[in-house]
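One chain comes next, on its own, written out as structure tokens in the form predicted on its own.
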């Protein structure tokens, strides 16, 4: 007597935000390496390609005019300007992956996370897939120490980043999960646990056919 196989679980859209310096990019890279079923959403940018970057693998490289056209047409789930260049995540890019059953990772800022939540409110596919995680240090003092340790920012820039972090921390209750950062490895394991648990959420895993041979129907 053969039992009916389970259908594939519904996909997860895992969104991770954090204040600058908390380490989310490194943690997300570690998660992607450990979970091959999870793919990074390829974002658009108006900055020129750097050495070794490829169109469609690292970014979609758009002219400022093309980027603005797509903004006006409402094609982005979220977009922002960073250091004079524009970045954004296309709704079609995320939906295309989710529709094929692909789990998707979004590594974006708090403002972008709010835009994605708003988009998901009237999009059933995004709403069912979305899981949001806020990663932060145990204190602003610890965040300042990490920012200083990077040795890439001036003291004035660090103070500006900390001021932004204070406002971002106020948005932490809007997220599904809050991760207080420890080591990078601890953070990766905790994020991986969230991802794996969400894959097993009952709303995502279809029940087997209970009415078939040997079932209860």
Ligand code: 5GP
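Just so it is clear, the structure is predicted and the values come from calculations on it, not from any experiment. Positions refer to the first chain, counted from 1.
Another form, the form predicted together with the named molecule, is not on view; read the next lines as being about it.
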Quiz item: Is residue 78 one of the residues lying within 4.5 Å of the named molecule in the predicted complex, judged by heavy atom distances?
Solution: yes
Quiz item: According to a 4.5 angstroms non-hydrogen atom cut-off, is residue 89 in contact with the named molecule in the predicted complex?
Solution: yes
Self-check item: Exercise: residue 47 in contact with the named molecule in the predicted complex, heavy atom 4.5 Å
Solution: yes
Self-check item: Non-hydrogen atom contact residue 107 with the named molecule in the predicted complex at 4.5 angstroms
Solution: yes
Quiz item: If you check in the predicted complex, do 23, 138 and 165 all have a non-hydrogen atom within 4.5 Å of the named molecule?
Solution: no
Practice problem: Tell me, out of 82, 71, 125, 118, which residue has a non-hydrogen atom within 4.5 angstroms of the named molecule in the predicted complex. | Solution: 82
Quiz prompt | Region of this chain that lies against the named molecule in the predicted complex, out of 172-180, 152-160, 185-193, 39-47 [heavy atom, 4.5 Å] | solution = 39-47
